[in-house]
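Only one chain is given next, in structure tokens, and it is the form predicted on its own.
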């Protein structure tokens, strides 16, 4: 239990569970004890420097084992030790249902401060891998749901937290899902904020082209806003597809747009025209990548989208003169006929 006790001592003496601690890290390599400040050497092999706590990856399994072994010995009325050991358990492994549920019980019984618990979750998320913990995100949502009368939610801070975690761990589905929950719960009637989120999300996607979770959030925003911006949005999407060839996420988003705009004859015609330009290398000089692989992928995605668009138009009784162009990627020659 020696390492667990050192960790508890480090947490308590350095207020690791509060806003005063701003970073938690799992370290592949740790320095020698003599290289650390004198006041930090007592916690070695844990690394405590200013407001940061570092734990060696090779010590993680031992710490988890020691924490669990101590947890099962603590009586249910020993609230202090229960709070401490479950805090350690979720710091080390936030997807721990047992520890997180016990902390909910401690919150409900008044033995955990709500603001400190929110700060603890933010600290957990400073480890990129931990920022994808569904259990931790739900715990944060649970706190705001059950104590909305006691807590003033800072929307800007919640969005900032989601932005930071989405950047730290790509395709962070749970971060984006939580962001949408905040939006839908607290901002649903704030049109200027929704419009700003739409613009900011588009800007974020421009530097994270392959992030499907970000696209899903953008699509949810479009559904909330019911945007009448067909030309603006599609010009933006066209430019991304042209600039970054061979990214399937962009073509998947294009399918979503078709579902919204399928009843516009101009939109349908423009899709086939765009595909034709892709196949004829019209935009080749505007692309950031002209590798053979990217060009081949771009044309394949364009043909697949064209086939899918054709099916959508057939189901909506829209005439299509381009159908035969896309049969090269159809599973069988009469694919379009059997879909009727």
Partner chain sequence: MKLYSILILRKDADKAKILASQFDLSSFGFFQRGSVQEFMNFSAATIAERTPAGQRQSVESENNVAHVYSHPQGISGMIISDKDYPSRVAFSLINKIMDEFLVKFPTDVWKKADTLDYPEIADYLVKYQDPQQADTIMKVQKELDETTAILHKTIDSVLQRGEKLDSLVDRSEALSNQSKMFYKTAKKTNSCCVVM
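Just so it is clear, the structure is predicted and the values come from calculations on it, not from any experiment. Positions refer to the first chain, counted from 1.
Keep in mind the form predicted in complex with the partner chain is missing from the figure; the text below concerns it.
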Which of these residues, 71, 159, 144, 244, gets a heavy atom within 4.5 Å of the partner chain in the predicted bound form?
244
The one option of 27, 296, 42, 64 with any heavy atom within 4.5 Å of the partner chain in the predicted bound form is 27
Any non-hydrogen atom of residue 206 within 4.5 angstroms of the partner chain in the predicted bound form:
yes
Residue 288: heavy atom within 4.5 Å of the partner chain in the predicted bound form?
yes
Does any heavy atom of residue 49 come within 4.5 Å of a heavy atom of the partner chain in the predicted bound form?
yes
Taking heavy atoms and a 4.5 Å cut-off, does residue 302 contact the partner chain in the predicted bound form?
no
So which of 207-215, 135-143, 252-260, 183-191 is the stretch with heavy atoms within 4.5 Å of the partner chain in the predicted bound form?
207-215
Suppose contact means a heavy atom within 4.5 Å; in the predicted bound form, does that hold for all of 265, 306 and 313 with the partner chain?
no
